[in-house]
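Only one chain is included here, represented as structure tokens and corresponding to the form predicted on its own.
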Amino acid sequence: MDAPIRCFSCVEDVIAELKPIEPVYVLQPAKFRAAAKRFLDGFPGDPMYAVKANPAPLVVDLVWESGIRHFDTASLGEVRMIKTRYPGAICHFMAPVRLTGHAKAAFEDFGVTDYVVDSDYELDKLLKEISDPAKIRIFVRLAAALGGALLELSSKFGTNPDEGARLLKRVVMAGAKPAITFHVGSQCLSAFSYAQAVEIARRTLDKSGVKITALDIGGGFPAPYINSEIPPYLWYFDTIRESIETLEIPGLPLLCEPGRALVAEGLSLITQVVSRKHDRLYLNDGTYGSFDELTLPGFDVDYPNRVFTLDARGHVRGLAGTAKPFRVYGPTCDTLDVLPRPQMLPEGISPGDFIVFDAMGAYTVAVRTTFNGFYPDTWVQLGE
């Protein structure tokens, strides 16, 4: 049974009481609820939480409690974790390449009926593992390298309309239910990218002559970071709704795979300045911990930050003053453990001060390592 989590009213209270030497993850349930409501109310279909964005049990609990019931699970391990924790959850195995036997286990042990392929080999492998193809939907993944996202996701997976059309015909011949999926890329800042991808799907359908039973438009919905102005979500939902009409398939079931957009804003991270050398700061967390995503090529955003200090009486107050750029290093002995861009922070920042980074819920907890013996894993919550 999970241990109860400590609750505080604000991050200042966390700092004042704990005076944490190690990093602290701060959950904010109200922000999880707001993010889920945005998709449940606005998206014209079923949103699936992409578990890979943050598989921490405390986080997935808040996603579940916020009303999300569909989960994009990309491995048997994720399927097992979700179905064990929430038996009523609906898992969708949306990875185009699976380890041998994992589709069979997902189907027979957990009742998973949605799978993805983008090649003949993966389709053949899937059909060998599923005892009754009529019970599953097979999504053919199309490439959608459209340039609207900070991180593209079509160079590894996805096929072209000609090959996609042929695969759809094979799915029908096998007796399974045909469907289409694509992914426009992570942190997509152009709502029009989804309309372009739907057009690729429409061309594929025209070539195939197949009537699909579902469309999964993937993820890519952005989160608010520094240097990344995001359009209103309504623009995405309206664009998707209008573009789907061009397929001329009334009542077509629609899915999407938000990961970042459901969890990023709901988690903050309290770090402490361990040392300072002129314009260099050394923190108790770094790129081998919670900041790995910042190092990805093309991902040129930063997390919003706030700085707090303890006064002579131990009271927590915000640190003001002129901001200047600092190179920020993590706690490990590796010189690569440095944030890729200088961080603008108050010039008076000192060892012992605390930097709170916001919007830290996506791809931070998921990719942290135990390198050099550091592993951030202290959790608190704001509110009940």
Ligand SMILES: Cc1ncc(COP(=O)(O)O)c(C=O)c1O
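Just count from 1 along the sequence shown to find any residue number. Bear in mind the structure is a predicted one, so any value in this text is a computation, not a measurement.
There is another form of the same protein, the form predicted in complex with the named molecule; it is not shown, and what comes next is about it.
Point to revise | Contact of Ser186 with the named molecule in the predicted complex (heavy atom, 4.5 Å) | key: Contact with the named molecule, yes.
Check your understanding: Does the named molecule get within 4.5 angstroms of any non-hydrogen atom of Asp285 in the predicted complex?
Key -> Although the named molecule is absent here, Asp285 would stay clear of it in the predicted complex, with no heavy atoms inside 4.5 Å.
Check your understanding: Applying a 4.5 Å heavy atom distance criterion, does Lys52 contact the named molecule in the predicted complex?
Key -> Flag for Lys52 set to yes.
Practice item. Report whether the minimum heavy atom distance between Tyr236 and the named molecule in the predicted complex is within 4.5 Å. Key: Taking the distances in the predicted complex, the answer for Tyr236 is no, it never comes within 4.5 Å of the named molecule.
**Study point:** Listed range touching the named molecule, judged in the predicted complex by heavy atoms within 4.5 Å, from 81-89, 198-206, 159-167, 254-262
**Key:** The contacting stretch is 254-262.
Review point. Are all three residues Asp302, Tyr329 and Arg368 in contact with the named molecule in the predicted complex, where contact means a non-hydrogen atom within 4.5 Å?
Key: No, the candidate spot makes no contact with the named molecule.
Point to revise | the named molecule: the contacting residue among Ala103, Leu215, Met94, Leu146 in the predicted complex [heavy atom, 4.5 Å] | key: Residue within 4.5 Å of the partner: Met94.
Review point. Here the chain is shown alone; which of Leu76, Leu153, Ala191, Ile136 has a heavy atom within 4.5 Å of the named molecule in the predicted complex?
Key: For this set of options, the contacting one is Leu153.
Check your understanding: Which of the residues spanning 359-373 lie within 4.5 Å of the named molecule in the predicted complex, based on heavy atoms?
Key -> If the 4.5 Å heavy-atom criterion is applied to the named molecule in the predicted complex, 359-373 yields only Tyr363.
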